[in-house]
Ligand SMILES: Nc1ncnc2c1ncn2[C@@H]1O[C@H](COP(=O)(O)OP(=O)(O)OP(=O)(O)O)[C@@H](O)[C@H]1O
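Shown below, as structure tokens, is a lone chain in the form predicted on its own; questions about how it binds or moves come after it.
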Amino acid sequence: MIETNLDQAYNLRQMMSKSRNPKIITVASGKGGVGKSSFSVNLALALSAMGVHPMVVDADFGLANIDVMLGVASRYNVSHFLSGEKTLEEIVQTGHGGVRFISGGSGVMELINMDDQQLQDVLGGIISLENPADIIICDAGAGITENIVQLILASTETVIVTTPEPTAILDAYALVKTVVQRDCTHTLDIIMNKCDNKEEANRVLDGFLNIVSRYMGKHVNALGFVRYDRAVEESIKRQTPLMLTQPEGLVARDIKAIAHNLLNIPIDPASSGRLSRFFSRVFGRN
């Protein structure tokens, strides 16, 4: 079974390596409640402001909430694609900030129990979209299930979201260990969310990276941190992401820094216009 699953992930990666295919980033977490989905949405908005064209795929199949965060009442989701009722292009929707997304469906039992072939059909379809975006952000479900691991192994790289809470750190470590056991070459990043301050974030990040390196021999990239702000919870209630309501706030600045790190671009506020023009040339945008 493991060989078959690894073959499927390899095949999907091969599809992604072809000319026009986008970078696919899976955002994952070892446990729920760490702010993974909110981070995914706000990261997409930060990338969009930089001139990148992202798409968010709500890959928490059957328990989706990205559409709510983006202020859209979804009519269609992945189940309509799997049933043949709609093409993948027809279920792509647009939310706040012009960010396109695909809903994973909420309360749909067949999506929760999606098998490997169905997952491969969905991922393969997303990769093959005529206008798939520059970066696809897959917001995976929390925890460590086979579908989540398959999604991780099929992506270009994985961003693991955790918090300084000891249980969240342990679960993030378990997720890293699972991925490394299946594919030690997969690119892994980590961000520390809901931190009290920069010092706490760096202390916990350094400790986590040292333990992973010592016991697994794996290098994990530290993308940065996001400080805690109650306004994040309020923005979720209002269904308007914080990147739009407080674009110059602490959380927005932290997420912008992470977006720059993700793309290996130095942070220079004065260069935002040049960045937009640069990505327009690279990705052939008008």
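The structure displayed is predicted, hence computed values, not measured ones. So that there is no doubt, residue numbering starts at 1 and follows the sequence shown.
Another form, the form predicted together with the ligand, is not on view; read the next lines as being about it.
> Is there a non-hydrogen atom of residue 232 within 4.5 angstroms of a non-hydrogen atom of the ligand in the predicted complex?
Looking in the predicted complex, residue contacts with the ligand include residue 232, since a heavy atom lies within 4.5 Å.
> Looking in the predicted complex, any heavy atom of residue 37 within 4.5 Å of the ligand?
Although the ligand is absent here, residue 37 would touch it in the predicted complex, with heavy atoms inside 4.5 Å.
> Though only this chain appears here, would residue 49 touch the ligand in the predicted complex if you measure heavy atom gaps against 4.5 Å?
Contact check for residue 49: no, nothing within 4.5 Å of the ligand in the predicted complex.
> With a 4.5 Å heavy atom cut-off, would you call residue 33 a contact of the ligand in the predicted complex?
Heavy-atom contact with the ligand at 4.5 Å: present for residue 33.
> Of the residues 260, 227, 53, 218, which one places a heavy atom within 4.5 Å of the ligand in the predicted complex?
That would be 227.
> Under a 4.5 angstroms heavy atom criterion, identify the one residue in 69, 59, 252, 45 near the ligand in the predicted complex.
By the 4.5 Å criterion, the partner-contacting residue is 69.
> Heavy atoms within 4.5 Å of the ligand in the predicted complex: which stretch in 173 to 181, 83 to 91, 188 to 196, 122 to 130 meets that?
Result for this chain: 188 to 196.
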